[in-house]
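One chain follows as structure tokens, the form predicted alone.
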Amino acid sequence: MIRNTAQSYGAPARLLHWLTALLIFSAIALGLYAETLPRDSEAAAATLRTIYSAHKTIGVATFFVALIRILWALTQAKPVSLHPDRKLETLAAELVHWALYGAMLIMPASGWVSHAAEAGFAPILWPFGQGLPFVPQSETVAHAATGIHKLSALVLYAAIAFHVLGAFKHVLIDRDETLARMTRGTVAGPLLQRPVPHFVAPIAALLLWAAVIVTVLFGPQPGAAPTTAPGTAPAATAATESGWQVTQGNLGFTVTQMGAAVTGQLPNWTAAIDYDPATGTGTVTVNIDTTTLSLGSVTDQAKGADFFDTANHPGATFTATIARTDGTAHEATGTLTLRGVEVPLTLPFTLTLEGDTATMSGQVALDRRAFGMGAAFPDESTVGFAVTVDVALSATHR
């Protein structure tokens, strides 16, 4: 039998039900297992990458299978309850079903958006690329999508638990054919209309999912690193006493992870700048709060002992003398202290002056090994050696 009836489920509905269940439980198991794995060596990172790639790939498959299942269900008759007189129980069962429908779409979709918004770690194993149309490479988008993904997981777990408990109740207490209709296609049930208006449960589930999304998008973001929006000066910079006052600034870095470029930010820093336009010389001291760094999905790993080790070294300092080399070209030559290690550094940059306003931008490549970073990753198969640092700012003369 292909189509559903008022008393039974057709073969496509049963197949899609159990296939979706298999995919969901596989993705959940892989995700939970990955959370228990170590992240302290290249071999561990490679294993983690494989597990998360499988998790993401199954998640995308779940989304499409669930979408087909839901569309099929909407075109089919809904088998009636075997106990139409139990109105509250029937309503609860309907609500759980619709909550599950939402979870089967929102949870994998939000995970997919999070993946598309930040490059680098654990690709989806398919030939159609890693991005999504209309999803920008954005830490803000990735953070919001990750929040929805994690909160929707709680809804999914609760809905699955109630769904499974309901199935056991029908088998062990009611001893009816509810489960048999989904496993063997058994025909059972009275030829009655649904005792609960069909719109109550879908609307309730819709409100539930709206609450999940609103909670993430507009609620507090625990653990989120403070960031500096483009075009905004870090708050701490304004308080620094120097000859020039920074009004806008951005300090970012890019590292290659698993063959893909991943961009991070160091949003909290101060700069004390003294510069004489007449001679093209000066000094600069930059203090960086490394505890607020962000690097997409691997932010926590970047802050860990293998890399920035922010618990023991919460700051970095760059102290240098400034010299004009040719026209707008300048160099800041000095020392970068990071993780307690001092390394000589020359930052080439361009500087343009318009009245009392100066605008600079520069880029320099560092080697993470010079600071003892990533000792557990001795080659570049997982994390590249080179780290490109980009800095841009505008300042006004006091």
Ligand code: HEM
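Just count from 1 along the sequence shown to find any residue number. Keep in mind that what you see is a predicted model, and the values were worked out from it rather than measured.
Although not depicted, the form predicted in complex with the named molecule is the subject of the following passage.
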property: Among 27 to 35, 43 to 51, 357 to 365, 337 to 345, the region lying within 4.5 Å of the named molecule in the model of the complex by heavy atom distance; result: 27 to 35
property: Triple contact flag H17, K78 and A153 to the named molecule in the model of the complex, non-hydrogen atom at 4.5 angstroms; result: yes
property: Heavy atom within 4.5 Å of the named molecule in the model of the complex - residue from R324, K303, H313, H97; result: H97
property: V284, A201, L179, A144 - the one with a heavy atom within 4.5 Å of the named molecule in the model of the complex; result: L179
property: V60 within 4.5 Å of the named molecule in the model of the complex, heavy atoms; result: yes
property: The named molecule contact in the model of the complex: A260, any heavy atom under 4.5 Å; result: no
property: Any non-hydrogen atom of F377 within 4.5 angstroms of the named molecule in the model of the complex; result: no
property: R184, heavy atom within 4.5 angstroms of the named molecule in the model of the complex; result: no
property: Partner contacts in the model of the complex for 163 to 179 (non-hydrogen atom within 4.5 angstroms of the named molecule); result: H163, V164, A167, T178, L179
